[in-house]
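What follows is a single chain, given as structure tokens, in the form predicted on its own.
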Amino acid sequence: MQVDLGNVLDTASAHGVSREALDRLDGRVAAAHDRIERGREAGEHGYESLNLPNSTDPAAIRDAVSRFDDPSAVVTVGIGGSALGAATLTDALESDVDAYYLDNVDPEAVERLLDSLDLASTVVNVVSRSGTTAETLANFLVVREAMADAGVDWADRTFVTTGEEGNLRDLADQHDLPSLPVPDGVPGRFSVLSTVGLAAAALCGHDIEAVLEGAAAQEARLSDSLFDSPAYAYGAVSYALAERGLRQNAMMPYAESLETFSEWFAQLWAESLGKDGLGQTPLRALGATDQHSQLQLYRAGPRDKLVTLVRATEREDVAIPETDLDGLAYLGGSSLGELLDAEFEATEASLAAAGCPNVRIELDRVDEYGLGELLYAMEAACVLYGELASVDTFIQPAVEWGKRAARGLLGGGDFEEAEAVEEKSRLVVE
């Protein structure tokens, strides 16, 4: 994996970062790296996430799911970090086992999914560290009832990934369910390289050892200089551009297999860095599709965006047939992959010509190893950005407010946040 910062340096925009500015920033990167390493060595909350390539035990994950022979599908019931990391892996990789995620409580979508599945051959993984997440537990109760209605013993088809205590842990003990621990010190959005993110991949037959190997390769690249670490290069440049007014970051992979990765990145970046009036709002795009929808804004709209372009340099390809149609002959004899690469490079150049800073991230392949590299690098980049911005990367107090309000509205306790909902101002136009 490599990160190309050329179009951050060589941009006509006043928001670009000079090489001299990066050299100055590199001294702060060294201090931030030292803090990160101390946090990792002490196993501090959040920093422990960056130890997962070495602390996660893939054999334990495989052992926990080994009782489920040849499932047709796996349904992960979780929300946010309890689902997005796993979905990034399974959506990016081919498998004979279908992977689904109940990460929302839209009743029509939940019912539609359950009606479409052969529940007798489906494995359900319920993921919640606390075992009290309202959306997760509500969806699980619906799934359990659907299994009972279909004559399926839910306890034979379910395992849980949870903390040492709570409702899910009690349920696992009561029904002798297979279970995996959520590692201590690892926030959900940083948990893709743990039991939380890898169990579904293991059930789908993917090489989770290779995911961890790819992550370990990027872990080994962390150093006291951004010029020696792709992860730190990306984190430092993103921070520097945000300080210059580029408060939005459009993540734009040129591979449909990485579309869910953009969703995962959005949670990582937003929930970790959006504090104290600071942060960089993640936008989600897909190349080449969104060249025809969002590129107009990136080039000609407000100069407040960094665009991150991601691609794999090796992939399967499809030849474009020859044609005698006027104006299309130039396509014949090339391939869809060559066309996609041309679109990628043209977009990159067009952004630079318009003074829009952009970063290129390249993987060798979208496979288990490459995904491990990419996911770990983005996590380390995020942690570095947080250190440079002096924000607490690993908490999410704004999210907790909404959770308390929703619980209060449902009768789960007295919360002043629920009272604020009733005080909403209204101006209704019908």
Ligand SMILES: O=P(O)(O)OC[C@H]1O[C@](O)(CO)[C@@H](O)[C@@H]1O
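None of these values were measured; they are calculated from a predicted model. Sequential numbering from 1, following the sequence displayed.
Below, we refer to the form predicted together with this ligand, which is not included among the displayed structures.
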Query raised in the report: Is every one of Thr88, Ser257 and Leu309 within 4.5 Å of this ligand in the model of the complex, counting heavy atoms?
Result: no
Query raised in the report: Quick one: does Arg62 come within 4.5 Å of this ligand in the model of the complex, counting heavy atoms only?
Result: no
Report task. Using a 4.5 Å heavy atom cut-off, state whether Thr133 contacts this ligand in the model of the complex. Result -> yes
Report task. Report whether the minimum heavy atom distance between Gln267 and this ligand in the model of the complex is within 4.5 Å. Result -> yes
Query - Any non-hydrogen atom of Lys403 within 4.5 angstroms of this ligand in the model of the complex - result: yes
Requested in this report: Quick one: find which of 367 to 375, 53 to 61, 28 to 36, 391 to 399 has residues within 4.5 Å of this ligand in the model of the complex by heavy atom distance.
Outcome: 391 to 399
Query raised in the report: in the model of the complex, which of the listed residues (Pro282, Gly214, Gly287, Gly80) lies with a heavy atom within 4.5 Å of this ligand?
Result: Gly80
Query raised in the report: Which of these residues, Arg129, Arg157, Lys305, His206, gets a heavy atom within 4.5 Å of this ligand in the model of the complex?
Result: Arg129
Query raised in the report: Is any part of 172 to 208 within 4.5 angstroms of this ligand in the model of the complex by a non-hydrogen atom, and which residues would that be?
Result: Gly188, Arg189
